[in-house]
Ligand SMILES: Cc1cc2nc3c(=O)[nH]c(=O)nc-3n(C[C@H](O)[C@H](O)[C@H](O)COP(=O)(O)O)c2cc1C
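One chain comes next, on its own, written as structure tokens: the form predicted alone.
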Amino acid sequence: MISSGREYHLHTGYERRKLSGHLLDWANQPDIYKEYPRTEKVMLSLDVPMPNETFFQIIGKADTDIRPESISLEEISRIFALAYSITLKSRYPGGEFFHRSVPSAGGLYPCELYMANRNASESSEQNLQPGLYHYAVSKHALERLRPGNFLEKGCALRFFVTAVFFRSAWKYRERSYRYHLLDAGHLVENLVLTLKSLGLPFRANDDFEDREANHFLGLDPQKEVCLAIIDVPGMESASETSRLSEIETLPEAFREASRTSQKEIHYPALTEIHEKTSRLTASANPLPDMLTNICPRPISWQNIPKPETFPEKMNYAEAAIMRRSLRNFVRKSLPKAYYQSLIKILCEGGADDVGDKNAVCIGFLTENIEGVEPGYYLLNRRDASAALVKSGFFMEKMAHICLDQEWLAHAALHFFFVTNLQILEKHQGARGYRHAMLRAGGSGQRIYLGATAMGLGCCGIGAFYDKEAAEFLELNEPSAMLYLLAVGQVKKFF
């Protein structure tokens, strides 16, 4: 029985020469598109004007507190197009693959996106009737699950990010909850950046009542669960709403829509860890900075200035649509301006500022960057400074740790996210594990988008030998690496 985030992380750790064989059951491969039977569908448009700002302009501007009077169907179409739509179809000998605007471990896309709204516009031609909607990715359409106003005063839109357990568990089994959280973090950050690009206010909420949210969405919590909520504040309205748990139960057929395969395997560790992270734990003390609680404590910190100009090759909307996981790295020196720009990305505010930024700390390995000594560094995001923990050429070592994926050794940078699992548990209970993984995924999405905007390759890694990673990074016993992303120049961008 899993009793904590730390216990789950240890339980699902990979250990060299101890990984059991696992043949994929292709006959029961899960469906990655969820659709509801007999629901009213509202078609969204992909032919809508997109924001012209660059990625660095968007991350650098202050969050707005101007609440919209209404949000048109065109604006809603734009939100979903940038946040989670299909962006490209690729053909392979075995079939077709449809890329989305966010990455996903193994291309399995466990996340679903829902939206509740009030009247979006006074115009009858642009009006989206109030209610709860599911985003049908394959059709770029909204399926209405509940009609009516359910949002409290001052909330114009509410987005729910969920994960369908078996989609990732089909391949990654008990370790898949890690990927559910990382993928949800990707999507939350993508949605937040989209809202920011459109000049809309937002509030990301990790700490909500899970049972109420799952009930409202009509989910079968053994198969699909809500992991994050993002609100768009709006003008005050006179209407009230009841508690989500007091709203009527949706039909059983809607719960069955969470089934992705005829023969699903239930992995108890997934529901056990999620049940633990569903409990809200209040702490009188703020979470301490993980940077000083993972073990390495370098003395000398050096500020990393932002570049004179950001070397962007496309704007934000283009980067969101063009983003891919690229790993055909070449051993070519990365100009210093690219390195400085990537650091800027991680130090600017984002979805993790709304949550607890102290939940993770960031380090990186460098090997082939203009004017930067090769080695292992830690990053202090508060003042954009870095400290060298140890010098040396470590890319091949990290590639060996990451299940011997040799292509990782050719990258210019490895960013990794680390946390102290014991401190998380002490201050936030098992919920802290969810916070940390969501933060890691969100920061990873920023790196993906920034790298794409600059014409660089980027690929995330959630599979590695956990103990070897901790030993190499000189982490203390309760600390662990959560996620790694490789960035560098590639043979062919697109």
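What you see is a predicted model, and the numbers here were worked out from it, not measured in a lab. Numbers for residues come from their place in the sequence shown, where the first is 1.
The form predicted together with the named molecule is left out here; the points below concern that form.
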Work out which of 261, 405, 149, 271 lies within 4.5 Å of the named molecule in the predicted complex, going by heavy atoms. 405
So which of 381, 211, 324, 144 gets a non-hydrogen atom within 4.5 Å of the named molecule in the predicted complex? 324
Close approach of residue 92 to the named molecule in the predicted complex, 4.5 Å, heavy atom: no
Would residue 78 count as touching the named molecule in the predicted complex under a 4.5 Å heavy atom rule? no
Can you tell me whether residue 201 touches the named molecule? I mean in the predicted complex, with a 4.5 angstroms heavy atom cut-off. no
Going by a heavy atom distance of 4.5 Å, is residue 106 a contact of the named molecule in the predicted complex? yes
Residue stretch of 40-48, 65-73, 27-35, 453-461 approaching the named molecule in the predicted complex, non-hydrogen atom distance within 4.5 Å: 453-461
With the named molecule taken in the predicted complex, which residues across 171-193 come within 4.5 angstroms through any non-hydrogen atom? 179, 182, 183, 186
